[in-house]
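Only one chain comes next, encoded as structure tokens, the form predicted on its own.
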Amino acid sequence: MKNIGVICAGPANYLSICNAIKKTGNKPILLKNNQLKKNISHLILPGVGSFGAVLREIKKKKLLKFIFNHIKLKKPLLGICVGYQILFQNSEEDIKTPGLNFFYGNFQNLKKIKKIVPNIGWCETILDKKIIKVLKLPYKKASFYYAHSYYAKKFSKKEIVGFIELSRKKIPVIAIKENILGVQFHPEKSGMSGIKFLSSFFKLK
């Protein structure tokens, strides 16, 4: 059993995330400040709400240094939804607040390509062979649950390893670089597909 840290930065369904972690056979540890006494093997950066608000909450709780130290130690980190978005450079949702800059790219509102926003519901997700190999996934595509209003307009092809199709346009929804992984979907709300995805992530060293 591993201790899985969950960054508490604004509104998010922490109960669902913790339950999903427990279903993988691991122990969730909610991180509400930087006073951590237990060793964390993997870190989850969830987020519901706005790009800027989540980043400001992280800084307010002095968790930014903790996140960077975790990555510096080569430990795996997973960003979910807005937690995925803030791993990039910036978003037009809050142009005054820079992202964490782990991935190249910026986010724009889906209304520029889609009539109904946000995009809510199950979407078939196409997985690149790189992420399949890294996570040792048993499938090339899977349905995951989404709830988002922004998408990565600019990005690095080397970092993006998963897509969905909206309004006949490929939308990047999974990014990876070294020990950092980000997903636009909610694995904790994606049934067994999400549990299997989290289980694979928790096996990373």
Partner chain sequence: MKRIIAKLDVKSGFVIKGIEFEGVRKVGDPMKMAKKYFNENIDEIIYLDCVASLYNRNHIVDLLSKVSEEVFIPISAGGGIRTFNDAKKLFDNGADKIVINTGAVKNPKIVKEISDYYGSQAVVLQLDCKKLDKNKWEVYTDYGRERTGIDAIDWLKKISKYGVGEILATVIDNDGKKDGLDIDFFKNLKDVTDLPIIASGGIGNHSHIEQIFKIGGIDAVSISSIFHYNNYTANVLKLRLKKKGFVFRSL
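Numbering follows the first chain given and starts at 1. All figures in this text were calculated on a predicted structure; none of them were measured in a lab.
In what follows, reference is made to the form predicted together with the partner chain, a form of this protein that is not presented.
Interface residue remark: Ser156 is not counted as part of the site for the partner chain in the model of the complex, having no heavy atom within 4.5 Å. With a 4.5 Å cutoff on heavy atoms, Val183 does not count as touching the partner chain in the model of the complex; it lies far away.
At least one heavy atom of Lys111 is located within 4.5 Å of the partner chain in the model of the complex.
Put simply, Lys189 is close to the partner chain in the model of the complex: some heavy atom of it is within 4.5 Å. Note on contacts: among Ala142, Ile29, Ile176, Leu63, the single residue with a heavy atom within 4.5 Å of the partner chain in the model of the complex is Ala142. When the partner chain is considered in the model of the complex, only one residue from Ile126, Val117, Val134, Ile71 comes within 4.5 Å through any heavy atom, namely Val117. Looking at the partner chain in the model of the complex, residues Val48, Gly121 and Ser193 each place a heavy atom within 4.5 Å of it.
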